[in-house]
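One chain is shown next in structure tokens, namely the form predicted on its own.
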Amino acid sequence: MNHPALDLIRQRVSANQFDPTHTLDDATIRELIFYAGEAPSCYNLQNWRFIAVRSAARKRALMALSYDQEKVVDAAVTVIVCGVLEPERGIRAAMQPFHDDGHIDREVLDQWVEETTAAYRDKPGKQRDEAIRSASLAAMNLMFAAQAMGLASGPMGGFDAAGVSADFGLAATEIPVMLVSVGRAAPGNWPRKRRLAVDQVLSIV
């Protein structure tokens, strides 16, 4: 099946080499994060936050916390993708527009809040799992949005999470899940690596 959106999936590579002269303006960064926030999340929690690290000084600080990966400073921006714990605290605000648009009544909204609270309150393991899951889905959306906009992206899991949390002022309820560098690709990136065949990873039962 041929479709432009499917082509984006097959064209995207994890870039390590970025053009250090390339920059992104506020509007473009905001657009990238808009599409990142279009990702799905359980109960519509939207339990994520993004820190776009663009200034030279802050990129150098982040590189030092990322085991000196140069793409952090060479890319136009590196986004700290955070998952948020205690997501039940924000569910009413997240679902209020759905109510205001007439899709659910007050009773359903209250029930939604109650069910979400029961699912996550005082359950740190489940909160952490959901924070990582939601942030990862948002990060993938961010990378596909970058690809659609003609930009390269490179995700990173190698960084000092405690150091990033401290240096970039994350709240106690925020987990830095992933870094995603975005910018214009420079020469020297590897081509796309082969994926495992479908039959190696699929069981239909």
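Residue indices: 1-based, along the sequence shown. In this text the structure is predicted, and so the values were computed from the model without any measurement.
FYI, the form predicted together with a small molecule isn't displayed, but the following is about it.
- Heavy atoms within 4.5 Å of the small molecule in the model of the complex belong, among the stretches 165-173, 52-60, 33-41, 152-160, to residues of 152-160.
- Residue-level contacts in the model of the complex: of L65, M178, L142, L45, one residue has a heavy atom within 4.5 Å of the small molecule, and it is M178.
- In the model of the complex, no residue of the candidate spot (Q17, T28 and R184) has a heavy atom lying within 4.5 Å of the small molecule.
- Interface residue remark: H22 is not counted as part of the site for the small molecule in the model of the complex, having no heavy atom within 4.5 Å.
- Within this chain, Q147 is remote from the site of the small molecule in the model of the complex, having no heavy atom within 4.5 Å.
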